Structures are given as C-alpha cells and as structure tokens.
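The chain that follows stands alone, in the form predicted alone, written as structure tokens.
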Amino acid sequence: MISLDLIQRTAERLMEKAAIEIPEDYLDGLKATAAVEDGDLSSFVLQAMLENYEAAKEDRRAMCGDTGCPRWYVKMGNEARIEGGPIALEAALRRATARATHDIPLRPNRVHPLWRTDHDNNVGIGAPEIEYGFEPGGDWIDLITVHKGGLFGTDYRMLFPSDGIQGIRRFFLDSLVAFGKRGLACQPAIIGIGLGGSKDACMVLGKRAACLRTVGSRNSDPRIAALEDELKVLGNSIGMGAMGFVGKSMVVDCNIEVGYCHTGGMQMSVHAFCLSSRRAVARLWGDGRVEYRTDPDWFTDYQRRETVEWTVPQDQNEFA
C-alpha cells in the first residue's frame, strides 16, 4: 500500500522541481532552436532564457515570476492501493500544493471568478485540477505536476471533414499568429493539438499533448507523426520567434493527439505550453520506492486503444 505521507512528501518535491528545473528534453530543444535563430531580438531572448534557467537552478528559485496554475495528473496501475483511498490522495495533493505555494514560493494565482477570493495557496473550488488515467497491471502510481499558464495560449475551432488537412494547417497558423501578435503565449513553446472528441474532450487532448509529451516524441500513428513534423516546420516559417519578435523560433515541437468524434465534425484545439515547460513526474510503489523523471509517459498504447477489449500487443510485456 502506498502511504499518504510518501504521496505528500513526493508531491511537494515535484512542485519544487517543476517550478525550478527545466526538463532536459525541452532544454535540449530550446538549445537547438537557439542555435539556428538569426533574429537579433529573438536570439537575445533565447540566450536570456537559457541564462535564467541556470540561475533559477543554482539559486533554487522559481524560473518565472508567473508560476502558472499548478495542476496534477495521476496515473494508477490497476493493482495499486492507496492509504485512505482516492479521497485521501486528493487531500494530500491539495496540501502539497498549498505548502509548496508558501515554501518555494509560488505566486498564488488562483481566485474565485466572481468574488476574487484568494486563499493565498493556489487551492480552491476545482483547484488544483486533478485528472486521472489508468494502466493494466502494476502496483504503482505516477504523480505528474504541470505548472501551465492559465490565461491565454489556447484556441478552439469546429472544423468539418471537408476542411481536411488544409483546414488543420490554416487554423494552426491562425492560432500561432494570434498568439504571437497579441502576446497570448510565451514563445518558443511546445504546441499541443487536439483533434476530434467532443469540444471538452478536444480541449483536454490538446492540453495533454502540450503538457504530457516530450520534445522529440512522435505519435504512434506514422501519418499523424508526419503531420507533427510538418506543422513544426510550418509554425517556424511565419517570421515570428521568441516572445513574438521577428525570427524563426516559434515552435520547439508540435504534438498531436486524437479522439474519435461525431461523424459530421472534426474538432480542433491548439495549446501553447509555457516557454519553461514546467512539469515533473514521480512513480511511487507500495514498498516506499520513488523514481523521479521528466517524461510523463502518459500516451501509452492503452491510452490510445481503439478496441472494446484490451489485449497486450505481441511485442510488449510491460502490462502483462
């Protein structure tokens, strides 16, 4: 059984790691982007970002003054058992969020939408968000915290089957131009795209694509993977670079996730992760072991399954 004390201690450390330490995959992607950027101001911004990341890690301070809206993703192996059950788990994550807000510190961004009530700890009605996923087999849980900006960098459009790939390209470019010209996102960023599902599911898919996949990963469908590569190149060809200045470093990577949708539509959402890509992950076992990593490994074959029943692929044994 996984103890609540272990969950809360791990969650508090994850909050610190996400706020301060840049994931290596994103840092490598950013360095590659900086190496080819030739816009003067964009190059200046990229270099300043890289220096800021080093300073944050050395000083153990949050890398950005706007520390975003902390949220949690919890993935559970089918045999996992948690002390006190899911209610106790959620309480532990809320305590960890409140304590980390005070101790790191993080900016307390969460307020009531009407009365502007602020508990000064990023906790309130529906905050922090906690989303769940499950995997066959395994007596572990993965805790994933993401600190994503909560204002802009997101758009949605109802496309139709007749719009096709060209319609996807058009909306993708419309979104990136708006993000850059109006200051609606901090570039460069990982861009997540959700295709299909209902409107709410489409938004979830796009945000997860931005926040829960690493730079360089590709969708398991080779045709979608090719579209990811195409849109990354396209996004960096519009003449905008870091923070909307002239350049060619708008997109560090482009990730697409899909869900089956109504036959008459093709929903699409576009999400820009923060230029810091703040995420941290840990796997917890009942014997007290904790493994920290930066790859959420959320989109497994099981998460993308199309069949009614799940059978383990012949070449995979991890879920057996």
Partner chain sequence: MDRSAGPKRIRLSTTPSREDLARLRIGDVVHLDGLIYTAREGVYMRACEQGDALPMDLPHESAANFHCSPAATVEADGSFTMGAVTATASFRFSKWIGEWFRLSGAKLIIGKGGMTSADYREHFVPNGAIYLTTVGYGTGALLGRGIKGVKALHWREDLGLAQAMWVLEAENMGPFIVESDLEGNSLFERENERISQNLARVYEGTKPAVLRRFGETDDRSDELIG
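Model, not experiment: these values are computed from the prediction. Numbering follows the first chain given and starts at 1.
FYI, the form predicted together with its partner chain isn't displayed, but the following is about it.
One stretch from 28-36, 254-262, 282-290, 57-65 that, in the predicted complex, holds residues within 4.5 Å of its partner chain by heavy atom | Looking at the partner contacts, the answer comes out as 57-65.
May I ask you to choose, among 81, 95, 170, 218, the residue with a heavy atom within 4.5 Å of its partner chain in the predicted complex?
-> Residue within 4.5 Å of the partner: 170.
Of these, 113, 183, 222, 126, which has a heavy atom no more than 4.5 Å from its partner chain in the predicted complex?
-> Checking each option against its partner chain in the predicted complex, the one that comes within 4.5 Å is 183.
4.5 Å heavy atom contact, residue 152 and its partner chain in the predicted complex | Because a heavy atom of residue 152 falls inside 4.5 Å of its partner chain in the predicted complex, the answer is yes.
Any chance residue 266 has a heavy atom within 4.5 Å of its partner chain in the predicted complex?
-> No - in the predicted complex, heavy atoms of residue 266 and its partner chain never come within 4.5 Å of each other.
Check whether residue 244 has any heavy atom within 4.5 Å of a heavy atom of its partner chain in the predicted complex, and answer yes or no.
-> Although its partner chain is absent here, residue 244 would touch it in the predicted complex, with heavy atoms inside 4.5 Å.
Closest heavy atom of residue 198 to its partner chain in the predicted complex, within 4.5 Å or not?
-> Output for residue 198 is no: heavy atoms all beyond 4.5 Å of its partner chain.
Whether 41, 159 and 234 all lie within 4.5 angstroms of its partner chain in the predicted complex by heavy atom = Heavy-atom distance to its partner chain in the predicted complex: all three under 4.5 Å.
Mind checking the CA-CA distance of residue 158 and residue 182 in the predicted complex? It differs by 3 Å or more from this form, so is it closer or farther?
-> Farther, not closer.
Given a change of 3 Å or more, say if the Cα atoms of residue 183 and residue 42 sit closer or farther in the predicted complex than in this form.
-> It is closer: the C-alpha separation of residue 183 and residue 42 falls by at least 3 Å in the predicted complex.
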